[in-house]
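Quick setup: one chain, the form predicted on its own, written in structure tokens, and binding and motion questions come after.
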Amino acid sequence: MKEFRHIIKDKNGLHARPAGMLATLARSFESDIKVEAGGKAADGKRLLSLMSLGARYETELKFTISGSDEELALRALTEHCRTKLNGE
């Protein structure tokens, strides 16, 4: 099991477009991917589940990845968060 945390720096938070991109990326891995924010948990592969977190600017996301390709998923998701959820 791998974990990492990311603080959202996009002023719009985790809205539909970045959440959809995140879910699409997560679905490309066999591993289970869970995302937690503000005491809520979501399936990282499901757009509506991610949207239900209500993650806004400066919300900390905690990712938990477990499965056969968890190391690959960790690297890809970390990079995705760094580049797509930072408002750059």
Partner chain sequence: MAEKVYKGTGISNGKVSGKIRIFKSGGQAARGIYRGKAQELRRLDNARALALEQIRALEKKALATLGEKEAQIFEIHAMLVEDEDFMGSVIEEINGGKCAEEAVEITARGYGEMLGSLGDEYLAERKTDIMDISNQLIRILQGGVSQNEGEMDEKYILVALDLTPSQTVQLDADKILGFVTAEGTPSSHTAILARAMGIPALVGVGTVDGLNDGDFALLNAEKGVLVACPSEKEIKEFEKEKSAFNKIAKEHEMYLRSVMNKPAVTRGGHRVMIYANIGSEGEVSPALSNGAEGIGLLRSEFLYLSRDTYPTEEELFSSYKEIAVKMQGKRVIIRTLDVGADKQIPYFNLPREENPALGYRAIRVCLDREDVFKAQLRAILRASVFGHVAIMLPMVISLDEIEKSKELLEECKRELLTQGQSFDSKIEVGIMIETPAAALMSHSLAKEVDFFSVGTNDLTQYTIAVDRQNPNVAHLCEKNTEPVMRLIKMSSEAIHQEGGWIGVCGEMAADLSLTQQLVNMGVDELSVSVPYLLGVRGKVSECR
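These numbers come from a predicted model, not from an experiment. Residue numbers count along the first chain shown, from 1.
We do not show the form predicted together with its partner chain, though everything after this point is about it.
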item	value
Site check H6, K34 and G38: each within 4.5 Å of its partner chain in the predicted bound form by heavy atom	no
Exercise: R17 in contact with its partner chain in the predicted bound form, heavy atom 4.5 Å	yes
Contact flag, S68 vs its partner chain in the predicted bound form, heavy atom cut 4.5 Å	no
Contact of A23 with its partner chain in the predicted bound form (heavy atom, 4.5 Å)	yes
Contact test in the predicted bound form: K62 vs its partner chain, heavy atoms, 4.5 Å	no
Stretch 34-50: residues contacting its partner chain in the predicted bound form, 4.5 Å heavy atom cut-off	K40, R46, L47, L48, S49
